[in-house]
Every structure is written in C-alpha cells, then in structure tokens.
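Single chain ahead, written as structure tokens, the form predicted on its own.
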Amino acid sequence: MRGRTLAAHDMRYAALADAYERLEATTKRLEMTDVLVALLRVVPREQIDRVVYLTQGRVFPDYAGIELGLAEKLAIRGIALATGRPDAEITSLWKASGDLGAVAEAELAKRTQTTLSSEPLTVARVYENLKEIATAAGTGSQERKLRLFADLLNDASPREARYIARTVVGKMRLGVADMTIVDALAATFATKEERDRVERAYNVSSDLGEVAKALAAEGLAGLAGIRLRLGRPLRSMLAERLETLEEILERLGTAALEYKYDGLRVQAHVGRDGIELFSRQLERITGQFPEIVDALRTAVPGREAILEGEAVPVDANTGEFLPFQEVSRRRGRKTDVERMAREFPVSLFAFDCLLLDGEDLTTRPYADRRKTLEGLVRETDGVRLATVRTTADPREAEAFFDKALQAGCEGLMAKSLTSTYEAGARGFQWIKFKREYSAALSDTIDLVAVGAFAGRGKRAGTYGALLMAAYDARADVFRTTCKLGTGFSDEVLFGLPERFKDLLVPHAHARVDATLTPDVWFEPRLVLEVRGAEITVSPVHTCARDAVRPGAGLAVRFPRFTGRWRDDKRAEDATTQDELLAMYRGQQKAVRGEPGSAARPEGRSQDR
C-alpha cells in the first residue's frame, strides 16, 4: 500500500482534515456552507464524489446497504496497534472521553517519531482503505479490517487520525446535514437560484456523490443524466397535516382520500432479475420481508416498476390489522425472519407507481399514476391496493374516514389529483388527517431528542428528562418544544444513557436551536412518539418562535412518551414546527367556536 507515487490529481487528506476542523468549530450553517464551498473548489474533479462521501461519514450512498462502521472494540485495537499503547489503556481513555477520534489524536501526538517509510495520506488511499474495511467479509476479515485501519493511522498526523477514527466508527461529529452539502454544491457549481435543481437531482438519486460528480464534470447540464432508475431509491414525498376534512377539501378541492395505514413505508423496486425493498430511510430491507418479495413476483409479473406502499402486519387467522410494533420487530433482524413471516405475515398496501418499464412517472399527476397502478398490480393477500375514494363532499369524506377507522387504520391521506410526485418534499399536495388532530392535542406527534437533563432522586444515575424538538424544514434545524420526562418504564429510563451514548456531542449540535441548556447534548437522530395535552405559547422554547407572539415559541404541554421509538423515521421526518403551529391555531379556533375550527361536529364520538 505504500511507495505509491503521488499522482497529480491525488488530494492530500490533510486538506479534508483542515476543513473538517473548521466545520467542527462552528454551529452556523452559513459558515459551514462557506467552508464546504472553499473545499469543493480545490477538490480534483476525479475525487469529488469520494470527498462528498467522506464528508457524509461514509464511502457509499445509504441505499447501498454497506455500513462502514467498525466495531469500537476493533477500532480500539487498531489505535493501540498504531500507538504502541495497551488495549486496556485506550479503552479507559475512550470511556472517559466518549470520542475515539480524540483518543487517537492525543495518543498519536505523543509519538516521538514517525515511521521511516511513512508518506502523506491522500484522499484516494484513505477512501480505498475505508472501502475495503466496509466490504471485507469472510474468514480473516476482522484482522484485515484491523490492518487496514492501523495502516492509515501509522501514516496519519494526529489531526488526520481524529477524523479517520471517527469515520470508521460512524461518528464524524461535524454537524453537516445533507442539505448543507446541497447548498455548497449549488454555490460552487451553479447559483443559489438554481439550488432547487441540485436538490431535485439528490432527491431522485439519493446519492450526493453522484450529484457532485455530475456537477463537477458538466455543471448543471450534467444533472440531466441523473434519472430515476431501478435499484436506487428516491427520497420519499412527505405530507403536511390539517385539522379538519373541511379545511383539507377547501384547499384541495376534489381529492383522492386514501386509507392511512399504521405500518412501515416501503419502496419496492421490482425487476425481472430480482426485487429490492427500501425503507423511508433508504435502508435495504429486502431480507426482512420475504413474504412481500414473494407476493410481488405474483402481483407484478414480467414488468419492471417502482411501487410505494405501506407494509402492514395482518392477523393470519382473522385478517385484521395488527399493531405497528409487530412489523417494527422485524426491522434489522437476521434470524427467525421466516418464522416471524409465518406467524405475523405482512401485506403491502400499494399507493403509488413511480417508474414503469423504464418510464419515470413522477412528473405525471397523481390521478394518472393511480390509474397506472390499478392496471399494473394483480392483487393477492400479500399485495393489495390502498383503499381510495375521490370526493369533494365533506360528508362523504367523513363517512369514508369512519370506514378507515373501523378497518383499523390511523386516518386518511388526502392527495391532490393533479399533484406530481415531489421526491423529498413536504407540502400541502398531500395532507394527512387523523380525528385526534382536532381540538386538544390528543393525537401523537413525533419529536426528536436533542439533549437530556440529569436525573434527580430516584432517577439519579440516568436522565431525568429529554429535551425534544420539532423540525424546521425551511431552515433545516431542530427547534425545541418540550422536556419529556414521563411515560418511561424504569427499564427504558435507566437504559437511556446507553441508547443515546453514540449520539453524545460536547455542545449544542449545529442543527439545534435551543435557549435551554441541558446537561448533555445529542446529535438529532432519534425520534420518539409523544402524546401531549395541548400546545401553548412558551417564552423558553424556540419552535415557531415569534409566529404567535414576539419572543415566544410553542411548547407541548404535559408531554408523555407513548413507548414507541420511531426507528422507521429519520429526524427530518419528525413533526414539523409548521404542523405544530397549525395545530395551535386550530385549537384557538376551536376555543372561539369559529367556522372551520377543530371543534367536533355535534353528536360525534369524543373518543376517536
């Protein structure tokens, strides 16, 4: 691996480490963008995709399903090997700091001399070693991974070692979101006004490395070659929410109302040579749902298509829907999958067709895509079409909503008949509705943990409460809305430090907006389902600050953890501050009894 001549286009890894250090030193998104732009302008065109992947903390796009993460125990051995320190000493230092990168940097700084045969690290060499670490398998693979990691550390400067060690264990700590990289790519190779075209290419490809390579080679013209294709998932289109069916139909007019199933959103790529399933987080989940794969072979024979649907567990004896927890138990499992598929079979309720025999359907209106879907799918027990009703009549919509609840669904999804499929976007072309959205906040919301407060009394030794935040999609930040301290069993409560240990950061994450200061900060990644009494104006929380009252935000009053960890959702899929603001305004209308408010119609059940 050593002795290579440094090619003209080989970039020194030290340049990346310098940029990473500057990124780590700021919490301001604009400053991060400036740092990335300066970096991208000097990266050789041949290596720009690698630099983007490394900045994301990976060597492949998410959907490839190849994790770089090296087990921490093995990473500790690698640092010990490169520094000559005992494993136990490195382990002790790691437990004290919680950051293997900082440990590697400090210990390498103590070296009195470098290896005579050492050479400056290049991006190409670091990337290739990391790629081999990620893909090594079979007999002897662990020792091979160890040697590849130690080989890099042997030639690394202390600062380079910090970021190499963090990369291999999957904890870069830069605070750089994908959308910040999109901003930087647009600023480097296009203009701010053309940023949407860059984001669209990313949303379709789910591959920032490919987008960067196309831009560096041909500018905006290069993006024309990035198209929807089989085997590579696109980012899911998302919905807003409104409080009443009247509001929804007033906004959309005649709309398609679909059952809103309580399951796992799945993107199915059906090819003649095989079938792949992806989650909303772009994870490859094919092996976890063999019954869906088998059913799709019958439902879509001899065609190539990308379908979206909801994977819902069904009672094999009664045909009734089972709770979401039954399907969530399947995620990530590598054993007992066949047994669980027999005991708790999952059906796919398809609701969209995005690609058919090579033709991109996302630019077609919803009504056309639904018609195509109905003509394509041969329904079976394993693959069915989502139940839909088209109407502009609120009374008919109410009756259909009742049927959805009786069928065991959460509510309805309302879709504009003319809406195209906007990958990665959230908007009012799709609107979700549950009865509990109306009046007080009796419905659940999904919030992101961004910090924690130390426990007192009986909770000493664990976290007493989590600081929770909603997502601000426009600013790409998380804004606080409550402290969450109830609803946790003792087992879950005392397991919180372990659950969050990999997300600890030394200060407020760059994408977190908070005025409160918790005892520990987290990288905003884990989503929890929360139920609250109502939404109130708050002088201490930053969610929707100034939207209702100058200097005040919105808070969820009496929040309670439902017990459901939303592992199926990215942090960016959590409830948005705009949704909470809409709920708050709906509450105020209900209190005043205004038309179109969230008040329940006379005579309707109060326990929806």
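One-based numbering along the sequence shown. The shown structure was predicted, so the numbers you read here are calculated from the model rather than taken from an experiment.
Beyond the structure shown, there is the form predicted in complex with a small molecule, which is absent from this document and is the topic of what follows.
Among the candidates A508, A190, A239, I226, the residue which, in the predicted bound form, approaches the small molecule to within 4.5 Å (heavy atoms): Checked against the cut-off, the match is A239.
May I ask you to choose, among F522, F351, F278, Y463, the residue with a heavy atom within 4.5 Å of the small molecule in the predicted bound form? Exactly one listed residue reaches within 4.5 Å, namely F351.
Partner contact for K434 in the predicted bound form: the small molecule, 4.5 angstroms, heavy atom: It does: once the small molecule is placed as it appears in the predicted bound form, K434 has a heavy atom within 4.5 Å of it.
Considering only heavy atoms, tell me if Y202 and the small molecule come within 4.5 Å of each other in the predicted bound form. So Y202 does not count as contacting the small molecule.
So in the predicted bound form, is the small molecule close enough to R144 to count as touching (4.5 Å, heavy atoms)? Taking the distances in the predicted bound form, the answer for R144 is no, it never comes within 4.5 Å of the small molecule.
Partner contact for E410 in the predicted bound form: the small molecule, 4.5 angstroms, heavy atom: Within the cut-off, so yes.
Going by heavy atoms within 4.5 Å, which of 522-530, 231-239, 169-177, 83-91 lines up against the small molecule in the predicted bound form? Partner-contacting stretch among the options: 231-239.
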